[in-house]
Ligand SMILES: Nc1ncnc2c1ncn2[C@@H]1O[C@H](COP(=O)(O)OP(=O)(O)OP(=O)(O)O)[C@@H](O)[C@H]1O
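Before any questions on how it binds or moves, here is one chain, the form predicted on its own, in structure tokens.
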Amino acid sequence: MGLFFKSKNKTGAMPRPVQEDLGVSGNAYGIDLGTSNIKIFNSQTGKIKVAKNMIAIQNRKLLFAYGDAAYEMYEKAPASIKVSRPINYGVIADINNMEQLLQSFLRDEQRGVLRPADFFIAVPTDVTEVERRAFYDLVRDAGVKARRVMGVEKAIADGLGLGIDVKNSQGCMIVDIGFDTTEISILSLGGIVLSKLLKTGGHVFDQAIVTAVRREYNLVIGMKTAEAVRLSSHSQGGRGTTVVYGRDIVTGLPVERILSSEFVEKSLEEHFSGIADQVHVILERTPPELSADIYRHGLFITGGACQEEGLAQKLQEECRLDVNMADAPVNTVAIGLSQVIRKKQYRNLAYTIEGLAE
């Protein structure tokens, strides 16, 4: 997807900001539809629910499991049960299953009884009109009694979640490395100056680990195992080992192998360089006054896959900037949405799109 200056959406119409005095009902939710994990902020409890964004459908029509329970079945289910992610590359790929998922999660949040609520949903910047509209249609058609559905640019929510006052004139650079995508954004004065969406993230990292293990050890492992290896590696700070189980290519028998964190980091190095190169491209196109701000403050990284050992160091070396990692990378967008819901001064960062307002 291309690099662009953010002045209006792809329909040619400017998003309509919400008036600052527009109140939010006592029952409001902030939703970040991540590919791997869905994050839901509940204004009544003040808590953020994090669950696997997966659904298991039996015989093509029966909801069998969802969330973490569905993830446990991933790559293990029989043919009669299909386990899938309704979100691909940051956009809704399966609207019907996503509606079922959202309704199920919200029923859990409201203890089985759905009540009218306001919804603030994080929307990626570099998406088409159809993909952007799908986020609104999802909430309106999911049977969750939506009073109002508002969008917040995902990069803006990231900035708020990182503790940045995105409405001032100080420019900042945010690199959100998720499961399927990496979104690189330059923010200033409550808007997005530059943005680029890359189709790389934790899923690509997992594929790289599967390939490296097959090449080095003649061992076939699943994507779920590769994800566990990756998460274990960055939790150990790049100095531990992980035992994996898979099928030996030569004998066809199940075996175990021990993988070092160094091996995992090396297998991901090429993808780290790719992200660093694209950050460099954005920096080359950044207006000089904003470049000065970014040099002073450094770049900010967030997203579930930003914690990979060696990634921050690669960005620092290639871009010659300080790298600030989010305290809660998985929840940053949801934390930002909570700020929009709770604080009146950020309310006008939420918007609707022409033709979608009720």
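Start at 1 and count along the sequence shown; that's the residue number. Keep in mind that what you see is a predicted model, and the values were worked out from it rather than measured.
The form predicted together with the named molecule exists for this protein as well; it is not shown, and the discussion that follows is about that form.
Q: Within a 4.5 Å heavy atom cut-off, is Gly67 in contact with the named molecule in the model of the complex?
A: Output for Gly67 is no: heavy atoms all beyond 4.5 Å of the named molecule.
Q: Taking the shortest heavy atom distance, is Glu227 within 4.5 Å of the named molecule in the model of the complex?
A: Although the named molecule is absent here, Glu227 would touch it in the model of the complex, with heavy atoms inside 4.5 Å.
Q: How about Phe120 - does it come within 4.5 Å of the named molecule in the model of the complex, if we only consider non-hydrogen atoms?
A: No - in the model of the complex, heavy atoms of Phe120 and the named molecule never come within 4.5 Å of each other.
Q: Using a 4.5 Å heavy atom cut-off, state whether Asp180 contacts the named molecule in the model of the complex.
A: Yes.
Q: Out of the stretches listed (56-64, 41-49, 289-297, 305-313), which one is close to the named molecule in the model of the complex, meaning heavy atoms within 4.5 Å?
A: One stretch meets the cut-off, namely 305-313.
Q: Arg148, His203, Lys167, Arg132: which sits within 4.5 Å of the named molecule in the model of the complex by any heavy atom?
A: Filtering the options by heavy-atom distance leaves His203.
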